[in-house]
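Shown below, as structure tokens, is a lone chain in the form predicted on its own; questions about how it binds or moves come after it.
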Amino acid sequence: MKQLTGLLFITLILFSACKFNAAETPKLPIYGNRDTVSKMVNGKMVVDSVYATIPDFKFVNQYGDSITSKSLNGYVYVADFFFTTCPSICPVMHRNMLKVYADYKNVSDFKIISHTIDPKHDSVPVLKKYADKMGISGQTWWLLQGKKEDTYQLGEKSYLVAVKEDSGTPGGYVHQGWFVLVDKQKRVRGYYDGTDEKQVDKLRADIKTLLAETNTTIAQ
């Protein structure tokens, strides 16, 4: 009887631990506007939330390949905005992004995309040279170039990152240094100051959390 009681006690402890761990599993917030829709589930009408998502786009990467929003289907990704001649925050941002790249470059369902806000100068060969100088290779990190108006609209309306031309500023452009974390449903799940090492460390951890949320195993 004592042995049975002991086994029952151990079982209860393990069950409680499992419930606690499940409850404590972190989940990242979902950013952006939200609408509600009614739909039938198992014969019952339920109300569900529909979150804003990153819309369709079409750009070209440093290899000259066409990249659209469909190219990111099934990927967790981080997006940012930069230009190769940036004299201020871009070098700091991308030195920090290299840490993210090093962590996740071998993860099959992860990408980084960096949109140039100076497409006139940042041609495909210029982006490739920039990537080579940074030590970026393969398909994990894409540097994207496209029509300026498309890039600016995507940044300001979808990623909520301010970008603009400013002749009075060194380099001629002003932009925010956010790293934007996006899930596999193309919903924004986090904003991080790309110039702040502590914020970038949080991003590195949150990527792992987001991948785990979609039952993805991170390659070691």
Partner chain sequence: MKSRVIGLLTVLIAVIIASCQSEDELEFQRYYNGGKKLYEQKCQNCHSAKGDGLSNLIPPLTDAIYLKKNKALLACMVKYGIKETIITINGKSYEGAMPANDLAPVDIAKVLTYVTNSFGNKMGVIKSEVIDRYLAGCK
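Numbering follows the first chain given and starts at 1. What you see is a predicted model; the values in this text were computed from it and never measured.
There is also a form predicted together with its partner chain; it is not shown, and the following applies to it.
Peer 1: Would you say all of P87, L98 and K133 touch its partner chain in the model of the complex, counting a heavy atom within 4.5 Å as a touch?
Peer 2: Affirmative, all three are within 4.5 Å.
Peer 1: I'd like to check something about V92: if you look in the model of the complex, is any of its heavy atoms closer than or equal to 4.5 Å to a heavy atom of its partner chain?
Peer 2: Within the cut-off, so yes.
Peer 1: Which single stretch, out of 146-154, 113-121, 133-141, 100-108, brings residue heavy atoms within 4.5 Å of its partner chain in the model of the complex?
Peer 2: That would be 133-141.
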